[in-house]
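Only one chain is shown below, in structure tokens, and it's the form predicted on its own.
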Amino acid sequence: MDTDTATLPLGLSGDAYRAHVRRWLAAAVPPGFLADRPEHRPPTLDQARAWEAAMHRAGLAGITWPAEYGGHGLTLREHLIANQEIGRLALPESVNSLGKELAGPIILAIGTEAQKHRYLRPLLEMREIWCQGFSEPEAGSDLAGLRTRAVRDGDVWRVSGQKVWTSASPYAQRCLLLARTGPLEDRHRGLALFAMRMDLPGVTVRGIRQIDGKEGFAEVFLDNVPIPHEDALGAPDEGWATAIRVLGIERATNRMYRAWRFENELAHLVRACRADAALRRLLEDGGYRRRLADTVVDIAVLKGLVEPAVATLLAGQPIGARGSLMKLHWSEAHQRFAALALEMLGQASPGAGAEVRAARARFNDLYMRARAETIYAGTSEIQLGIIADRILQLPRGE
């Protein structure tokens, strides 16, 4: 199948749409991309960009976005089906997930027509990768405490401050930047969003080496950066409300493939254990059998949270704080599973075969990345606070 021309036809629904997605993926995935195969090799940035651009041309990115902005004009139902099929394969994570899952929805919500045409198609075509400039050294998950300042100066905004843990910033072309236009005491008021170019004067990026040796995020220093007014998203006091609204949807519907990717990871672990005599004995151990069964339950719960959220949004109803339920459950359960996988694989026979070696490589990387999953996109403590306040409506303690 020619990955440049084999787009998904419009008008398919349900089983037919799923079958077409599955056929395209089976034919188009590049050699070595799948992490559950012994021949796996992590893609380079250029390879990842090329693959994601091909997925967009095939109709698997921007699925629900309007066609005039580079999307495919389908519904969340097709988005869910495509994510289920993508999740079932051990594909690499998107290098432009922040653009597709956060910046794009915000631009669709509050951007001008000119901004939608300027930003969205380059994002989907992988000509522009986005990073997220939210967290700060003294703010962290408390976005209302951020101190980066934006001051209007004629046709530009002068922005100064510091961002930290800025995912994708070492290779991004644009940053979804949240900055304060009012006094710090205003907390949620006076926060503005910008689509900042990363090559503007005054922008300095210093990579932060992670536990796996990679520099996937960085500190970003802003020294009187001149952001053109045309790159301001929405009104100067609209940033907080928009970010919170879109973050709620992001936690619920974006990366919804996670439940099915989680299922792929569990199947890979069991398959690797069956390929090794020492690990096969673990599959007969009552303690490990219970923990693996708990993982099956965790996956079923996550699926049971995702699918009703899609139905709610399709019915035109808000999901509100329920996105926090999904983010909290997935991150905590995934962390437990990563620890279990590493514990089991560490007991393999000396000189274990290629299947076990591939699983060790995958789950060692997964374990290290999972340590951050209860932190990014709002810590577990933040999610619990949201659930207590907005779902259970519990009184605040003194």
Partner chain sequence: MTGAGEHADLAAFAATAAHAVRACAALAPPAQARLLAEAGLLGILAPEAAGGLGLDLHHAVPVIAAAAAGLLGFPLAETMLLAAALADHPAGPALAAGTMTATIAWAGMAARSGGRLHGPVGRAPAAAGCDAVLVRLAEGAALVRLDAPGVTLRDGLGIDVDAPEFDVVLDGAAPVAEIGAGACARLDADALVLRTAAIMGSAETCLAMAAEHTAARRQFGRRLVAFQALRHAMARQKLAVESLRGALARCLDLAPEDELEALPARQAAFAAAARLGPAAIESALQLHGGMGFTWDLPLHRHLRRVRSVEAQGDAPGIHAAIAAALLDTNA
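Positions refer to the first chain, counted from 1. What you see is a predicted model, and the numbers here were worked out from it, not measured in a lab.
A second form of this protein, the form predicted together with the partner chain, is not displayed here; the remarks below concern that form.
Taking the partner from elsewhere, G287 is found to have every heavy atom lying beyond 4.5 Å of the partner chain in the model of the complex. Residue contact check for H117: none of its heavy atoms lie within 4.5 Å of the partner chain in the model of the complex. Mapping the unseen interface onto this chain, D36 falls outside it, with no heavy atom inside 4.5 Å of the partner chain in the model of the complex. Among residues of the shown chain, G316 is not one whose heavy atoms approach the partner chain to within 4.5 Å in the model of the complex. Contact with the partner chain, judged by heavy atoms within 4.5 Å in the model of the complex, is confined among 28-36, 54-62, 361-369, 41-49 to 361-369.
Shown here without its partner, the chain carries R197, A311 and Q383, none of which come within 4.5 Å of the partner chain in the model of the complex through any heavy atom. This chain is displayed alone, yet in the model of the complex one of R158, R77, R88, R187 has a heavy atom within 4.5 Å of the partner chain; that residue is R187. This chain appears without its partner; in the model of the complex, the one residue of E113, D153, E138, E93 with a heavy atom within 4.5 Å of the partner chain is E138. Within 4.5 angstroms of the partner chain in the model of the complex, the stretch 341-367 places a non-hydrogen atom from each of L342, E343, G346, Q347, P350, G351, A352, R357, R360, N364, Y367, taken in sequence order.
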